[in-house]
Ligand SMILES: Nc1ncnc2c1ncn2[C@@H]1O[C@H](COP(=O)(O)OP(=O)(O)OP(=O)(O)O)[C@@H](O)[C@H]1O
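Shown here is one chain on its own, the form predicted alone, set out as structure tokens.
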Amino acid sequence: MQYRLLIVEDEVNSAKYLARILETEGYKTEFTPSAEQALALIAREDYDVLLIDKVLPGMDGLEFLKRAKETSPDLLAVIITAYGSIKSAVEALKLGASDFLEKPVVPEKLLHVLHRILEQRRLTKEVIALKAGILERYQFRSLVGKDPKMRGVFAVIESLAGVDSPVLITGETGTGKDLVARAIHFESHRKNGPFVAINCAAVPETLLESELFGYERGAFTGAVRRKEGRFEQAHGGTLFLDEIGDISAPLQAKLLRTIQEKNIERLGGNRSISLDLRVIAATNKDLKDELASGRFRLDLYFRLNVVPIHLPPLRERLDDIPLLVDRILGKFAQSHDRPVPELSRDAIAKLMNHAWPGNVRELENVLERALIMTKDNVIDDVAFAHTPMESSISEPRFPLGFSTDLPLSVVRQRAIAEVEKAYLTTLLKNNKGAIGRTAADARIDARTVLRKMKQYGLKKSDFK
């Protein structure tokens, strides 16, 4: 998103200087030399932030700020004032300014202030949207399933409403672990607090610790300001640690201590910060295998696995597919401003006979693609010819084909190659050719994925 800023400054050179700094960082800027012209502009144009010089001809910056807030109360404003004019700065804050800067303006301080107030406004809007019910799809009753296993999941979610016990969600990729985590949060007494999520597998190991625990200014090279970590951001609410099985042993130890003691210290800091939150973790790995291999700590496993929830793969609850289809098509039809289509019997049969290696996420992709490609209001089985699902329905998933005339060593090599190719093909389809996500799902590095793709003649463009 490109933010629009209006600079209200009567000194043209100063205004151009500020505009140059901001446009380099991607902001869209305009400037005007007088408060009267600025009021006319904000009455007919939408701006995100006003940068206001305290001293303006005709009407000073504070009077202008007051009138601007009357016109557009949600406008963010930063007052630029002379050095040492603390009284004016305090008055500006009382009138609704988000912050103030002293002249001469330091570019780094300007950018930091803008980033902070815009991020704060974004978070505020999310909270308002949540309270207004716009995020209803994350509520428990929006989860779909009549299968006994899913009904059991719903019962556990209901039982967690009044307690803060840690939860460990397991299941294959695409089964909806993140939706269950959000449902637990929004059905609990913490629903008015923040829900903060982080995918531990998607953040480089060198950055994950600082993302979780935050850091103080100067804690390491590049730490030019203090930053709150995800634990602090989740205070009063819920922290969702997705793909917990991928974190390193040293970080597991620190995570265990944090969950046990319910406090943290930022990197580079020495002050203990108390926490009030619930921790929900999720993984697509078999943590018992990770425990047996020594890659996951037993004490952390028991700390997280107080309330276990296992999500069955879609192939084990095929009776839920018609319910899921109704919900998914309704959602996509609304977002694409189209009537909800019907599915032919052949189309339903094809969906019911598919193995769904990508689970509900794959079903969503298939249905959205079919909706887009269908011209009338009926989706038949032919519509799936336009989806990545078609090839995986018509071809065996692991075509091994071998001859007893060959030595066992050759058969083994060919079988492994066939399985690897089919495995990577499935992951690449699920991730629409995204190398990073495919590597994360396969728990190998991106270079290995690229090398294997070249070896088996797989092209990224084929999975877009």
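Remember, it's a predicted structure, so these values are computed and weren't measured experimentally. Residues carry their position along the shown sequence, with the first being 1.
Keep in mind that the form predicted in complex with this ligand is missing from the display, and what follows is about it.
> Tell me, please, which stretch of 335-343, 228-236, 166-174, 68-76 lies within 4.5 angstroms of this ligand in the predicted bound form when heavy atoms are compared?
Among the listed stretches, the partner-contacting one is 166-174.
> Which one, Leu324, Ala219, Ala89, Val196, lies within 4.5 Å of this ligand in the predicted bound form by heavy atoms?
Only one listed residue qualifies here, and that residue is Leu324.
> Among Leu371, Leu160, Leu318, Val144, which has at least one heavy atom within 4.5 Å of this ligand in the predicted bound form?
For this set of options, the contacting one is Val144.
> Looking in the predicted bound form, is this ligand within 4.5 angstroms of a heavy atom from every one of Ala19, Ile52 and Glu108?
Result no, not one residue of the spot touches this ligand.
> Does at least one non-hydrogen atom of Thr81 fall within 4.5 angstroms of this ligand in the predicted bound form?
Contact with this ligand, no.
> Just checking whether Glu209 would be counted as a contact of this ligand in the predicted bound form - the rule being heavy atoms within 4.5 angstroms.
Taking the distances in the predicted bound form, the answer for Glu209 is no, it never comes within 4.5 Å of this ligand.
> Using a 4.5 angstroms cut-off on non-hydrogen atoms, would Ser98 count as touching this ligand in the predicted bound form?
It does not: once this ligand is placed as it appears in the predicted bound form, Ser98 has no heavy atom within 4.5 Å of it.
> Taking this ligand as it sits in the predicted bound form, is Leu179 in contact with it (heavy atom to heavy atom, 4.5 Å or less)?
Judged by the heavy-atom cut-off of 4.5 Å, Leu179 is in contact with this ligand in the predicted bound form.
> At a 4.5 angstroms cut-off on non-hydrogen atoms, which residues of 277-316 are near this ligand in the predicted bound form? List them in order.
Result: Asn284 alone.
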